[in-house]
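Okay, so we've got a single protein chain in two different forms coming up as structure tokens, structure 1 first and structure 2 after it.
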Structure 1
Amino acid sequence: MVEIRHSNILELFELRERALAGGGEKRIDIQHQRGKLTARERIHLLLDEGSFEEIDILKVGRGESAGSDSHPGDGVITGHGTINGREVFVFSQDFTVIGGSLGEGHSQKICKIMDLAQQVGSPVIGLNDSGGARIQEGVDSLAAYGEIFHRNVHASGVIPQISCIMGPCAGGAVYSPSITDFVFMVDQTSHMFVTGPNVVKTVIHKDITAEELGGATAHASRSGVAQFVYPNDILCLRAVRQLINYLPSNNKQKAPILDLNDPPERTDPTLDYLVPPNPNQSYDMNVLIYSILDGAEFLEVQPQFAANRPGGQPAGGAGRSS
């Protein structure tokens, strides 16, 4: 009896090791060579040190019965932790496991943390790096996306939903993020498209680069789907931490107050001369924004979008004013 229990524990350890190894060393090396971090490294950078509590690490999907290998964790890491002490729920797709594609088990893990985030009233952050619906699971993986879209709609206006696009994301892996509140992209290494360039070539015989089809520039400046673009994973995740500082955790709370040691009675004489007497003359709105916000701290939303506005001035952003 004792022996059986012992072997069960060893098996659990072994499964855990396999889950932690993701798609294996070779695929992790490729991920790094492409300038991308792994799904676990991203969570580590996003959350306060040591705060991550993982859920469903051993969950498997349909795997072999659906024509692919079965992986503990099913290609997505889910759980909760804190950002500057505030609770958030996170999922991080692992491109090294079947291209981060979404099968039934993978979806159930994401749905569970979306449900928990709503119950607790905390933001949900998705780190997306996925080829979309897992082809081997056929229509089940499409239905599994339906479950996520359904939750995106219900969570809308209730808790903040934040998406980071951190790799070549296709199909459902972009339909869901694009209906969330804020979309971050990483320049050059992330893409958002209905399907990838190879499929486009096969189906409509058109040569198109991933960058043209759905790169960060296309979405930040033309489609308007992406609100923020950063040059690498590290800066992108740091910016998500900054954004969280400006947001209430849910629709019943107020945004957190942070003392930036900027006295409300501070005056700025340069503002006396900012607006020119001639109403036809333009002036730099950034000077005004940085001058009036506490600590000159400002996170500009969609800086590349609608550059047709006079001078390309930003339409909105987040900062604090005492």
Structure 2
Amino acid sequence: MVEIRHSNILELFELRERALAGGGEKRIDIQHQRGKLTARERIHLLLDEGSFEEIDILKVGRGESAGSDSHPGDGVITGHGTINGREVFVFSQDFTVIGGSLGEGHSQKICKIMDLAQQVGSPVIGLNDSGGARIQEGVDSLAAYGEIFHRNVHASGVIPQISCIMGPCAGGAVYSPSITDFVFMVDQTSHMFVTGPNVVKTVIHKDITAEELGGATAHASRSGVAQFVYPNDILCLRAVRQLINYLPSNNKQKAPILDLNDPPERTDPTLDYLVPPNPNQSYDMNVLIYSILDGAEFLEVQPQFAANRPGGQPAGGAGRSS
């Protein structure tokens, strides 16, 4: 009896080690060569150190059992942790495991995280790096996307939903992010499109690159789907941490208040000269924004979108004012 228990513990330990290893060293090296972090590296950068608690680490996909050919975790890492001490729920798709594709088990893990986030009233953050639906599971993988969309709708306006596009996401992998509250993209390494350049070439006989079709610049400046664009994974995840500081955890709470030691009676003489005497002359609205906000702390939303406005100075953003 003792030997059987010992064998079971060893088997669980081995499965956990395989889950932690993702797709293996070779695929992880390829991920790094493409300028991308792994799913676990992203979570560790996003959350406070030591705060991550993983859920369903050994879950496998449809038709798999916990054997040598299985994929523990099913291509997505899910759990909860804190950002500056505030509870958040997160899922991070692992492109090194079956291309981060979404199957039934993969979807069940994400849905559980979304349900828990809504139950406790905490933000949910998705780190998306997926090739889309898992073809091997057929219509079951498409139905699994429907379960996620259903939760997106019910969580809308209740808890903050934040999506980070951190890889070549296509098809179903971008439907859900596009209807969340905030979309972050990483320049050059992330893409969002329903069908890729090859399908466009086949259907309308037009040559187009992945960057032109669904790159960060296209969605930040033309479609308006992406609110934030950053040059690499590290800066993108830091910006998510900053955004969380400005948001309430749910629709029943107020936004957090930080003491930035900026006195409310502070004056800025430079504002007396901001607006030029000539009404036809433009001026920089950012000077005003950074002056009146506490600690000059400001996170601009969609800075590249609608640049056709006078002066090209979009006015949406988040900050703090006394």
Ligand code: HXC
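All residue numbers here refer to structure 1's sequence, counted from 1. Just so we're on the same page, rigid core means the largest C-alpha set that superposes within 1.5 Å between forms. It should be emphasised that the depicted structure is a prediction, and the values quoted were computed from it without experimental measurement.
*Asks:* Choose between structure 1 and structure 2: indicate the form predicted in complex with the ligand.
*Replies:* Structure 1 is the matching one, since it is the form predicted in complex with the ligand.
*Asks:* Would you say residue 118 moves between structure 1 and structure 2, meaning its CA shifts by 2 Å or more once the core is fitted?
*Replies:* Result for residue 118: no, shift under 2 Å.
*Asks:* Following rigid core alignment, is the displacement of the residue 276 C-alpha between structure 1 and structure 2 equal to or greater than 2 angstroms?
*Replies:* Where the cores coincide, residue 276 still shows a C-alpha shift between structure 1 and structure 2 that is 2 Å or more.
*Asks:* When the two forms are laid on each other by their rigid core, does residue 196 show a Cα shift of 2 Å or more between structure 1 and structure 2?
*Replies:* Residue 196 C-alpha, core-superposed: shift of 2 Å or more.
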